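First comes one chain, alone, set out as structure tokens in the form predicted on its own.
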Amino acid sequence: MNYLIRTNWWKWVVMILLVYTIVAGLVMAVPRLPILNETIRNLHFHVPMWFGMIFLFGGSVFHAIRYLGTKNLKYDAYSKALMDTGLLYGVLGITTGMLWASFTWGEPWSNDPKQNASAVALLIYFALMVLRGSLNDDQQRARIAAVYNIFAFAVLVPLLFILPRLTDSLHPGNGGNPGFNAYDLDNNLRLVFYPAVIGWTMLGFWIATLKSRYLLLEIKRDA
């Protein structure tokens, strides 16, 4: 059976990285920073969700383009599986961010430009999910969704990485604020942060692989 990732060794890598991330992220010593204090541990859970979301949405666009070039529905299945998992990561990212903001900014939602841009980006992809559900013809749904997906990703990049930098923002790395790496991402944090990004991202592709298998079985059943 064809699916997104065909080997098994990487699953063990994912489990090892995530066990290490969870244990070390909650136990290892972290810098004692004003306001942040122990909440900086959320760095290992909140930020990797956004990295994972970007990679998953990027993979979804890649397979959407492959579908447009081949009209093979298996690529539409891959694209949808990656998009759905990316949306899950986006929701987890914005939820963990709200939890973090409630301790550091005093409220979970402060209309910060980064928060608003993230919410708009997720709504665009939720609209794509609704659009897919409203179409019955497989080829028409795949074709329209693929085109929408390309434009959605093209909008996602400036929403998350360009527009928040042009205005005042509480978020690190935006609106003149330095990012974590610039002043307080010490060696202890790096030892957990980088494996966390890799582990959570690979878990997302693992989930998308399982989802794609299910979608491919649906395609075979309908055929």
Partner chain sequence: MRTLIALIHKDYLVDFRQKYPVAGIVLYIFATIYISYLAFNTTISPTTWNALYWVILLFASITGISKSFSQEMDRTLYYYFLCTPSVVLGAKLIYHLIYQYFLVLLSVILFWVFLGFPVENVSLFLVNLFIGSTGIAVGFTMISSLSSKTGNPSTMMAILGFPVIIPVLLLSVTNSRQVLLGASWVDISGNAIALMSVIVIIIALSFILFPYSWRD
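Numbering follows the first chain given and starts at 1. Not measured: the values here are computed from a predicted model. If you superpose the two forms and keep the largest set of C-alpha atoms that fall within 1.5 Å, you have the rigid core.
This next part talks about the form predicted together with its partner chain, which is not shown.
Q: Residues I124, A127 and L163 are flagged as a possible site; in the predicted bound form, is every one of them within 4.5 Å of its partner chain by some non-hydrogen atom?
A: Judged in the predicted bound form, I124, A127 and L163 all sit within 4.5 Å of its partner chain.
Q: Which among 189-197, 39-47, 52-60, 152-160 is in contact with its partner chain in the predicted bound form, heavy atoms within 4.5 angstroms?
A: Going by heavy atoms within 4.5 Å, the stretch is 152-160.
Q: Q140 near its partner chain in the predicted bound form, any heavy atom under 4.5 Å?
A: Judged by the heavy-atom cut-off of 4.5 Å, Q140 is in contact with its partner chain in the predicted bound form.
Q: So in the predicted bound form, is its partner chain close enough to I94 to count as touching (4.5 Å, heavy atoms)?
A: It does not: once its partner chain is placed as it appears in the predicted bound form, I94 has no heavy atom within 4.5 Å of it.
Q: Might L99 be said to contact its partner chain in the predicted bound form, defining contact as any heavy atom within 4.5 Å?
A: Outside the cut-off, so no.
Q: Though only this chain appears here, would I144 touch its partner chain in the predicted bound form if you measure heavy atom gaps against 4.5 Å?
A: So I144 counts as contacting its partner chain.
Q: Along 61-94, which positions have a non-hydrogen atom within 4.5 Å of its partner chain in the predicted bound form?
A: L68, K71, in sequence order.
Q: Quick one: core overlaid, is N136 moving 2 Å or more at the Cα between the shown form and the other one?
A: For N136, whose C-alpha is compared between the shown form and the other one after core superposition, the shift is less than 2 Å.
Q: So, superposing on the core, is the move of D84 at the CA at least 2 angstroms between the shown form and the other one?
A: After core superposition, the displacement of the D84 C-alpha between the shown form and the other one stays below 2 Å, so no.
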